[in-house]
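Quick heads-up: it's one chain on its own, the form predicted on its own, in C-alpha cells.
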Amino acid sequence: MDLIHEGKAKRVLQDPDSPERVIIEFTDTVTAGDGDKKEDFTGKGTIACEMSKYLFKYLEGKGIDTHFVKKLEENQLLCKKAEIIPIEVVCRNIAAGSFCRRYGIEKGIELTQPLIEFFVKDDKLHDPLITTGAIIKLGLAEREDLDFMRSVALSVNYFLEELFKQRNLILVDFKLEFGRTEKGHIVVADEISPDIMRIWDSKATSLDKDIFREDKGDLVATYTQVFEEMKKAKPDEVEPRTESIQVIVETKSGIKNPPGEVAKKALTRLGFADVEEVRMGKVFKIVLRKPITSEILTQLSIMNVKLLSNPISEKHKVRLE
C-alpha cells in the first residue's frame, strides 16, 4: 500500500481496492509539546483505533457525517478519502491546558457554555490560535465552512458529553479535524480518542494523554479503563439534539423594494435623516431533528430555490445558530 502521509501518531495509506478510500493506521507512538516529548507504548495504537471506531460509529448513528467506513486490522480503519482542511477545531467545556496558560486562569474552571476555538494545523508554526477573519483572509477556509465546522463541533460535544455522563466521565475539551470528500462534503476526520481529548473522572483525575504529558501513570491501562467505561454506556438513551438554521432572504440590488422605501420615509419623518436606504426582507427559522450535514445544506439550497425565495429578484444567505 502506498503511503500518503505520516503524522506523529498515525499513517495514512492508499486503499489498494478503491481510489476514494484510505487506510488510517494508528501507531503506538505518543507525542506531546509539539513532538518534543515522544515515546512508544505497546498497544496504544490498537486501543486508540478501537475507541475511534466506537465513537465514530456512535456519532454516525446520531446523524453526524464522519470519514469512517469500517475497521480492518487491530490498528487500522478504512475511511473515505478527504482533503484535510488546515484548521483544527477545539471545543472547551472546562479550562485546562494551553487555555489556562494563555489567559492565566485556574485549571478546572467550568465555562458557562462550550467555547469553540480555531488553530492553524501546522507543526512548524506550533499550531497557533487564529481568528475567523484571519482564516478567511489567508484563504484557509471560507466563512460558511467555519460556521459549519463550529456547528458540527458543538453537536459532537453534546453527544460525547451525554454519553460520558452515563459513566460519570467528564469531557473537558477535544480537538476535531475536518476533511472534504471527493463529493464536496465536509466530514469529521482523523480520530476520536483520548489522544485528542481530555477526559476526567468525578475527582478530576485525568484519563487521557495528560497521563503521558505529566508522567502520571500507565497510559495504555488508563485508555483501556476509560474505553471499558464507554462501552458500558447506552447510546440509545442519549436524546436527539435539535439544530436551528436561519435563512435570510433579501431583495437583490437594483430591484425596487417598496416595503423598504415606505419604512425609509417613515424613519425620515421621525427625524432619522441620515438613513440612506432601507431594504426589507424575510427571515425563516428552521429547526431540524438531527445535526447539520453538508447534504442538509444542499437540500436547503433546493428549498430556497423552490419555496423560500424568488431566485430572479431575491438573494438568500444561511446562518447556522
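Residue numbers run from 1 along the displayed sequence. Note that the structure is predicted; figures quoted are calculated from it, not measured.
We do not show the form predicted in complex with uridine-5'-diphosphate, though everything after this point is about it.
Here the chain stands by itself, but in the predicted complex one stretch of 69-77, 148-156, 166-174, 227-235, 166-174, has heavy atoms within 4.5 Å of uridine-5'-diphosphate. Within 4.5 Å of uridine-5'-diphosphate in the predicted complex, a heavy atom is found for none of V22, K57 and D65. uridine-5'-diphosphate in the predicted complex is approached by M197, whose closest heavy atom lies within 4.5 angstroms of it.
At a distance threshold of 4.5 angstroms between non-hydrogen atoms, K183 is out of contact with uridine-5'-diphosphate in the predicted complex. In the predicted complex, uridine-5'-diphosphate sits within 4.5 Å of a heavy atom of D127. The closest heavy atom approach of K81 to uridine-5'-diphosphate in the predicted complex falls outside 4.5 Å.
G97 is the sole member of P86, G97, G108, P240 with a non-hydrogen atom lying within 4.5 angstroms of uridine-5'-diphosphate in the predicted complex. Though uridine-5'-diphosphate is absent from this view, in the predicted complex it lies within 4.5 Å of a heavy atom of just one residue from I245, V220, I135, V90, which is V90. The single residue of 212-234 lying near uridine-5'-diphosphate in the predicted complex is R213, the criterion being any heavy atom within 4.5 Å.
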